[in-house]
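For reference, the chain that follows is the form predicted on its own, supplied as structure tokens.
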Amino acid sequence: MRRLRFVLGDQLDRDLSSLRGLDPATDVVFMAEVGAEASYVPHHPQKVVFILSAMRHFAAELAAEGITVDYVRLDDPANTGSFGAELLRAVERLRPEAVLVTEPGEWRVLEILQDARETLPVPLTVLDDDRFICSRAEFATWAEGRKSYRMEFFYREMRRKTGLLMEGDAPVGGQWNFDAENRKPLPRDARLPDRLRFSPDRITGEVMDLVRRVFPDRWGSLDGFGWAVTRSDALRALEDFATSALPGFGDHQDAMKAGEPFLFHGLISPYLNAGLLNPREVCLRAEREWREGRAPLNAVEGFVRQVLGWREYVRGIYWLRMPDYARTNALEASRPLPAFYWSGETEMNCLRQCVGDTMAHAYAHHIQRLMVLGNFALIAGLAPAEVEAWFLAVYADAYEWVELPNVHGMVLFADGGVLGSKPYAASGAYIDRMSDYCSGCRFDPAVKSGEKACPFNPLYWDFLIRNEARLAGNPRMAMPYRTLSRMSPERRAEIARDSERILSAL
């Protein structure tokens, strides 16, 4: 039987379910660069280049195996610009007896495939995506009957399932989670590792020229593009992280430093989310560094928790709760996204630094995203849909299945506590403790009110006041609400005035 095997741009894995059992004599792999996918949000040009170049390299590797690849480029004059129409054209062109595709990561794309199934003259089969350690069905079984979906309990199940960082039935080191050891500021004299980056090859250069031509006004810089675009280079990036950065990752994973966007972080999430790496091999590589005595347990456990725990967990939440999940707005936040998220033009140095890193690299690490960019969005009451569209557009690793639960649930608490047990709101003191951003800012985190005060300070308390009826009963918010209960009416009025001045200036 002649089969058309449709591979999406974030499925660049030779062991993909839709590629198994492929017969090079009869089957054809179909891949398409379509304008709708590059434009449904204004993706950072580095993100577009990374995905298109990785797709082209993957197609070339398949062709080198003797596999027939039908590949539609973005600038093909006949390209209709949509997955559904291109799939129909491919079926009409190649006359297969059936189409196979691995389930997409996003609800939106699944709907496109379901619509295409109605128009195709041949059957379309959607196969499970078993690149993840926890299947959608397995997560749904775990979640069934639970009053709350706490990641920590899911993570322990994944440790037991995989045996990662386990000694028999017990976690190595006698505890499941070493997060309390992973919150240290970066010392002034800390030696940071040089991180492996990759120079664009001929294919990447062609894609860069294409993206500049087709999307000339896209936000973000292509200068300094350094992402791996092949599995072999992604493996080199993983090796570089494991040997040079992982030992320092645990202690300082929450730290931030001006002009140093990478620090000790993995820089492999784009490769995981596009299929160039798989989560099991990534976790095993990190575990080996601990077992062979080259990285401390708190670093390795913290990294494994992000991949085996958090990444698998947010995917599970996404598919369990969509499509209604995206429409929730538990805190009734509605303020438009401020222009400085795009321009970087703000007197708040922490925000300026994080937007600048994002613009330059299509990357910011998780604390920059959560506790600076996300924290401001939360306490300023920015509209969830606008914040989520921004995060989806600007990061090279952002796909809706991973971005939406992270931003909607953890950053904005818009799901009312489905994903996280409390809002991650903080004043300027947190940013001052975990970074050097405040030393280069005209605002002072030690000042609580007035023109000199860090805007995070009044906005933090204003957020608590605005949402007192919704949040005061949350056990994890008891301490700040006890402090708030002791504030005089005059202090509350001062907070309201300062917050209104800041927010009206946005």
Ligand code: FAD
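All residue numbers are counted from 1 along the displayed sequence. Everything numeric here is computed off the predicted structure, so don't read it as measured data.
Below: the form predicted together with the ligand, not depicted.
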Using a 4.5 Å heavy atom cut-off, state whether residue 269 contacts the ligand in the predicted bound form.
yes
Though only this chain appears here, would residue 303 touch the ligand in the predicted bound form if you measure heavy atom gaps against 4.5 Å?
yes
State yes or no: in the predicted bound form, is some non-hydrogen atom of residue 358 no more than 4.5 angstroms from a non-hydrogen atom of the ligand?
no
When the contact criterion is heavy atoms within 4.5 Å, does residue 197 count as touching the ligand in the predicted bound form?
no
Only one of 308-316, 292-300, 184-192, 152-160 has heavy atoms within 4.5 Å of the ligand in the predicted bound form; I'd like to know which.
308-316
Exactly one of 257, 231, 365, 321 comes within 4.5 Å of the ligand in the predicted bound form through a heavy atom, and that residue is 365
Sole residue of 414, 207, 276, 398 within 4.5 Å of the ligand in the predicted bound form, by heavy atom
398
So which bits of 232-259 sit within 4.5 Å of the ligand in the predicted bound form, heavy atoms only?
249
